[in-house]
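To begin, one chain is listed below as structure tokens, in the form predicted on its own.
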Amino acid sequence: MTEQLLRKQIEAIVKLTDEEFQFVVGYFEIKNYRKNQYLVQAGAAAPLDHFVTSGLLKSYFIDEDGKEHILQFAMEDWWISDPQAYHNRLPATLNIDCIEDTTALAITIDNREALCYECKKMEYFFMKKTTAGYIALQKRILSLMSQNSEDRYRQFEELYPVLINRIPKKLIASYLGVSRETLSRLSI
């Protein structure tokens, strides 16, 4: 089941034969994490990109005042890493930890580069996923810059209805850039 979710995502972009998929999945490692366990801590290496097959994670930055700013959630069928640290082999600027027990398929940057070199279909797949990620990030930044807190919440609710009941309101507030009190005052 774990590997089939990855195959389904890949094949939404490129078709693979059974042999090709077995080749691809050989570059990944199954990882199991417990609730509240870190996958990445700021200042440490971030050698893995994770494809979530079950569970829920958050990626966040802690500012100088100790305030948590959530950049991303990742549930089943989503990818999560600290892209700057992962791709440039730098210390992480983000933390990633588990909101729920999580299983993921993880790939190192060396394995990803080797896989893309050996299988052009996967190079295309990762290019399309990266582009989609950039577009989503642009939309998120524009939302933070141009929408009020209620509109941002409604958009979150519309885009990610399954997350509303899985994520504590405090974490949703952090993701939306509002206080927990502000979120409580919204008609939600």
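All residue numbers refer to positions in the sequence shown, first residue = 1. Note that this is a predicted model, so its numbers are computed, not measured.
Note that the form predicted in complex with a further copy of the same chain isn't included here; everything after this is about it.
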query	finding
Heavy atom contact within 4.5 Å of a further copy of the same chain in the predicted complex, the stretch among 153 to 161, 115 to 123, 50 to 58, 28 to 36	115 to 123
Output flag, Asp63, Lys128 and Tyr175 jointly within 4.5 Å of a further copy of the same chain in the predicted complex, heavy atom basis	yes
Contact of Ile99 with a further copy of the same chain in the predicted complex (heavy atom, 4.5 Å)	no
Close approach of Thr103 to a further copy of the same chain in the predicted complex, 4.5 Å, heavy atom	no
Partner proximity in the predicted complex: Asn111 to a further copy of the same chain, non-hydrogen atom cutoff 4.5 Å	no
Touches a further copy of the same chain in the predicted complex: Ile70 (any heavy atom, 4.5 Å)	yes
Sequence-ordered residues of 83 to 113 touching a further copy of the same chain in the predicted complex, heavy atom within 4.5 Å	Pro83, Gln84, His87, Asn88, Leu94, Arg112, Glu113
